[in-house]
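In structure tokens, one chain follows: the form predicted alone.
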Amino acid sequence: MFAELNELLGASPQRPEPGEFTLLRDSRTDGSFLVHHFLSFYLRAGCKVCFVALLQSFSHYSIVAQKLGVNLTAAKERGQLVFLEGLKSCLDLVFGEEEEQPGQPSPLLFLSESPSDLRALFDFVRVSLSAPGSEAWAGPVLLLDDLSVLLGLGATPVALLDFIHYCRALVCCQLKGNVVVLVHSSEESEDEENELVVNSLCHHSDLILWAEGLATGFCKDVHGQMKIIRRVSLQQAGEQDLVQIYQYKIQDRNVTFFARGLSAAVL
């Protein structure tokens, strides 16, 4: 996890805030560093984590996690981390290979169904976070990287939003845990379905971390800009959301944040 980001968010692995839906949004840049942060943060906090990884392999996340001081293999072995490797599950389903747990439907069963729905994926999340022994952990967490992939695989916007609604009701409300979702977006995109999903999620999020590429293009000392949007209006009608804007630079084992125009390279 990144200590500076924790400071900006007022977060601590010793006191994880329960019941929050966090949306990670990126435009013209790669916001995956935020996924790695929250994965390591909640594992260090002692939470039970269900990680639906649709973009990269387990080995990729494991290598990055090691740099951040977290061992994903050990977390899996002790039952703290439930990892769904979406890439492998898709191939197993398409080519009809045997599943790791015979008799259990694939979480990505919607790929072969018409009309498609994400009920099997929700059941996977529910069973993973409600399994016996889960109460021994600090709290349940659903981490999804990234939601846009499900649209590309054929899921409808309505099915996606229904899935997120039920996950939020289960994890945030019933189990008093947290949900963290990454989604790609572009204000200039012609993908209306993706933008519909992004805008809908923004309206229902407690916290939005929006990573954007610089409007001026590539810079070796400033990799992007991040908006931290706290949805105060969800709890207090008529109140304005709190918005903070920082620029950042990604390093090998850390991410540094600074006010716009105050990069050490510029000063």
Partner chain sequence: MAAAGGARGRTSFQRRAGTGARPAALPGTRPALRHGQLLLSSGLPSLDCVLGGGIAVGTLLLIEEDKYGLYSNLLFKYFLAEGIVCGHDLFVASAKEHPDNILKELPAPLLDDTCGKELGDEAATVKSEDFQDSMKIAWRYQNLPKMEASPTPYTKFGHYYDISKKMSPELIQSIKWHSFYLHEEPSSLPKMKTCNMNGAYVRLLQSLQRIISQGGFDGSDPQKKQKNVLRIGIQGLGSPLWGDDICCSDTPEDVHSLTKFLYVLRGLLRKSLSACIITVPAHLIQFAIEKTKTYPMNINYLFHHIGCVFCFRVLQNKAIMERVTNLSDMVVGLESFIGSERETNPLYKDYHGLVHVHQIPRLNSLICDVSDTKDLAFRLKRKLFTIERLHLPPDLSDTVSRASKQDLAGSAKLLSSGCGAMAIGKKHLDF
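Positions refer to the first chain, counted from 1. Please read these numbers as outputs of a predicted model, since none were measured by experiment.
The form predicted in complex with its partner chain exists for this protein as well; it is not shown, and the discussion that follows is about that form.
- Partner contacts here mean any heavy atom within 4.5 Å of its partner chain in the predicted bound form, and among 56 to 64, 225 to 233, 43 to 51, 202 to 210 they occur only in 56 to 64.
- Site annotation in the predicted bound form: the residue of Leu175, Leu151, Ala138, Ala75 reaching within 4.5 Å of its partner chain with a heavy atom is Leu151.
- Residue Leu111 is the only one of Leu170, Ala159, Leu111, Ala120 with a heavy atom lying within 4.5 Å of its partner chain in the predicted bound form.
- In the predicted bound form, its partner chain sits within 4.5 Å of a heavy atom of Leu87.
- Contact annotation for Ser12: none of its heavy atoms lies within 4.5 Å of its partner chain in the predicted bound form.
- Looking at Gln244, you'd find every heavy atom of it more than 4.5 angstroms from its partner chain in the predicted bound form.
- At the 4.5 Å threshold, heavy atoms of Ile250 reach its partner chain in the predicted bound form.
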